[in-house]
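Before any questions on binding or motion, here is one chain by itself as structure tokens, the form predicted alone.
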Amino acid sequence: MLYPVQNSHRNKLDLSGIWDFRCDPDRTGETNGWANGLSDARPMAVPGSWNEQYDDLFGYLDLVWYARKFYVPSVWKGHRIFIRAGSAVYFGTVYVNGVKVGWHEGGHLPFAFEITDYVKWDEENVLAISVENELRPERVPSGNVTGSAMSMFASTPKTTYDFYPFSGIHRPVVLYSVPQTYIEDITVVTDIVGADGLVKVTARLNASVSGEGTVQLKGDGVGIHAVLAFVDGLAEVTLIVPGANLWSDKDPYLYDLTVTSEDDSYSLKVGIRTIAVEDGKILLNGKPVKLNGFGRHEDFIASGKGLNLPLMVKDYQLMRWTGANSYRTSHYPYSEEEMQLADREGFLIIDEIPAVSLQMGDEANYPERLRMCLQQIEELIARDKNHPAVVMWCVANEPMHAGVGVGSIGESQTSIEETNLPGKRFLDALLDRARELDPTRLVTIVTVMGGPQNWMENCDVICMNRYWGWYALGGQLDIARVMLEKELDQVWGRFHKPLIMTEFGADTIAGYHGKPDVMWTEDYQAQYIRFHLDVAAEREFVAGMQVWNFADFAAVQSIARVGGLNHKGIFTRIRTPKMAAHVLREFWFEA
């Protein structure tokens, strides 16, 4: 999962660009030799969602093929050659010169295959990737589920979640090389003792060999060196950094760490920080911190969910303008480039797997969904474990118990909790696995209105999506405020854990105003956001407020989604601020 880099031992060639593309609804491409190249192809940008690039592909989710030609530089001879895709949604299969070299299930996370034995030297090679994004009940996330709670929204496509199921190769495709014996993985864990920082580095080679290497940490005017003794391919050392410059949302200082072996080297950025919970507060470096910001989506016109670097920089600037310091990767892992920018800019990230709207009343699909969720947790933590910005793992968003509706309200009842114990055991297994893989970060699930409260009890932080004043008590903000206060106080009284409102929002058509402030107006959204922030400010145990959503985004087509968009953004899809953006700035900027 190490991000590909170019250095004196490694090579990297980005294959992103315009690829050949062809739909394969009859699934005859493999039989007809499409792995060797495509005829009658049309151009398709990679990265990008195919749904946004051609109007006739907007609703197409079935099998497609991508292909392009490439050369392997002759100076790479003697190295091991890999092909790596940052994300292919949902099921991707890779072919090199007509040979199937591997496949990956589940979108939003990278996969790589060694292709050393399949490449041709001094001539063109053909790379083909087939991708399909069928909506199936057993998948994570799911689609075409009978009786889904999202049926009140969904018309087409039939998702169980409220965002468009964009399909395609969404992150860069990279060709890279490493030495025959190379550094396969690095794990960095930091701690603080007094004024000093501790940086524990564990390095693993791809082979069970012994030898010597080094580790070097540079930054803040210091240079620290240590010897790494590899035994059976593993080495571990702890560096002491006197008077360490700690990473935080206010001062995101990063050190440069370089690990070397006899044949290889790898460098990455390191932030020294700790994260913990205590007495109803989240502590960053031992001091209370509030995670104020947004739920977001990787979503934009034309690129869909494809990596869009200028947009990413723009979004960070706009989030900072509001005074935000955090966001959740709702509802899937975001790009590695996003995590790198968050490290640099000092954003606190709740990192989430794609387990959105799990249908917990559908026990027949539990085994397959559990397998997929566990795979996604393992891959996500392997990818993002070294990012100081990532402070919490989220293993599910709005798991739906049997019979729940999105507008369900009221305190969780004992009978509901007892009936849904199988769902609790499912979610507890995910929490336990995340803790086992990374005991240094917090873990959570994000709950839906009306869901069983006992599903929260094994979380480090209570994360709640609540829509008092929109889906429940719409247009009645005074009563909605009372209900929100009552529920927050009740949950605190039961669990005594820090609480983050990870979603609260109101659909708003930009430029639509009213007197009085009625639903769908900018005025209503501004007042809605204001009363939530007022309520939070009165409660120390509220450790963060994340507005839903940062920007309007593509959703399913239905009578509840004007123009096929969810309009709860504080900014429009093209990033024009609504009135509520100024309310956030009033509460958060330089707070």
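So that there is no doubt, residue numbering starts at 1 and follows the sequence shown. Everything quoted here is computed from the prediction, not taken from an experiment.
Keep in mind that the form predicted together with a small molecule is missing from the display, and what follows is about it.
Student: Quick check on this chain: which one of 471, 91, 113, 512 has a heavy atom within 4.5 Å of the small molecule in the predicted bound form?
Tutor: Spelling it out, the residue with a heavy atom inside the cut-off is 471.
Student: Between 331, 497, 383, 104, only one gets a heavy atom within 4.5 angstroms of the small molecule in the predicted bound form; which residue is that?
Tutor: The residue in contact is 331.
Student: Select, from the options 23-31, 64-72, 525-533, 559-567, the stretch whose residues sit within 4.5 angstroms of the small molecule in the predicted bound form by heavy atom distance.
Tutor: Within 4.5 Å of the partner lies stretch 559-567.
Student: Quick one: is residue 338 in contact with the small molecule in the predicted bound form, heavy atoms, 4.5 Å cut-off?
Tutor: Outside the cut-off, so no.
Student: Examine residue 299 and determine whether its closest non-hydrogen atom to the small molecule in the predicted bound form is within 4.5 angstroms.
Tutor: No, residue 299 sits far enough from the small molecule in the predicted bound form that none of its heavy atoms falls within 4.5 Å.
Student: If we define contact as a non-hydrogen atom of the residue within 4.5 angstroms of the partner, is residue 397 a contact of the small molecule in the predicted bound form?
Tutor: Yes.
Student: Can you check whether residue 166 is within 4.5 Å of the small molecule in the predicted bound form, heavy atom basis?
Tutor: Output for residue 166 is no: heavy atoms all beyond 4.5 Å of the small molecule.
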